[in-house]
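Heads up, the chain below is alone and in the form predicted on its own; it's given as structure tokens.
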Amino acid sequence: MLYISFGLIFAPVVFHYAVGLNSVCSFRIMALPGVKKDGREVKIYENADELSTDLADYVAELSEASVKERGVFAVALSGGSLISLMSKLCEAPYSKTVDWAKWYIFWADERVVAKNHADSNYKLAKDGLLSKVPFVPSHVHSINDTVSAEKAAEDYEFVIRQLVRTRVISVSDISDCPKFDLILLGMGPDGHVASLFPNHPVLEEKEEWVTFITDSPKPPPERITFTLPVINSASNVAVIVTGSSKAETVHLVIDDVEPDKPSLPAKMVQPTKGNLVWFLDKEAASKLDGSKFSQ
């Protein structure tokens, strides 16, 4: 058993490695008493196809467990390459075995553009996922795209609050935040997740569940986004990252490089009482500290 440091957290590592074309190596960061109640896991795959297969297994298993326990599965999506990496959920066996009628779909962030706009995360999800499996249309909660970013964020939070009251979305037992069954996030080369960008004031938002920005450094400028308290209240959070362009940032976040400097948003994703899993292809993981992956 090894020990690995994530900032001030020291935890035992269980290392797994399989050789071959279908290789996947992973290490689980187990909790130490009084340090962190739930584990973190980092999974590294030979390529995006293998990552996509395991991601489908992961989501399907969480869906089954949530439906069995609560009768619903409340999941929040992001944009970028995430939807294409979820594509195997549209194939057998998942297309037939997942209880799609029990899914409630939300967006962890959205661009304030028309739903048929090329930049719309809703359009991306509709074209790549929602139109291919039997979701219940009334369970798909996209933003109001006819109002300002501020009003869209306000309206979206109202919808979520209504669904928390009816327990479609659970509520955190340590705050009043919604407790999504799963939040799926990508990560940009700058370390942003959802529409939470480095050094942006919304990183400090503690009261609102959904907020807005009008100055995104990445176009389009107007967006709504879940705040960090909501993300960190989820039962499960998965961060999915592929490609060498993000390798340096993955290294900074996971290896906890320069811990005294302001945190990248991705490093601030730390579920309070939930599970965090990183899904990486080998290119995204290529700059991780190799000593932490050896026995």
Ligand SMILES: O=C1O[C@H](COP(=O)(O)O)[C@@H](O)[C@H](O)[C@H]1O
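As the structure is a computational prediction, the values presented were derived from the model and not from experiment. Position 1 is the first residue in the sequence shown; the rest follow in order.
The same protein also has a form predicted together with the named molecule, omitted here; what follows describes it.
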Given that the named molecule is left out here, which of 143, 169, 194, 76 has a heavy atom within 4.5 Å of it in the predicted bound form?
194
I need to confirm a contact call. Of 128, 217, 80, 198, which residue comes within 4.5 Å of the named molecule in the predicted bound form, counting heavy atoms only?
80
Based on heavy atom distances of at most 4.5 Å to the named molecule in the predicted bound form, which listed stretch, 135-143, 183-191, 198-206, 98-106, is the contact stretch?
183-191
is_contact(residue 43, the named molecule) in the predicted bound form, heavy atom dist at most 4.5 Å:
no
Closest heavy atom of residue 211 to the named molecule in the predicted bound form, within 4.5 Å or not?
no
Contacts with the named molecule in the predicted bound form, stretch 102-141 (heavy atom within 4.5 Å)
109, 111, 121
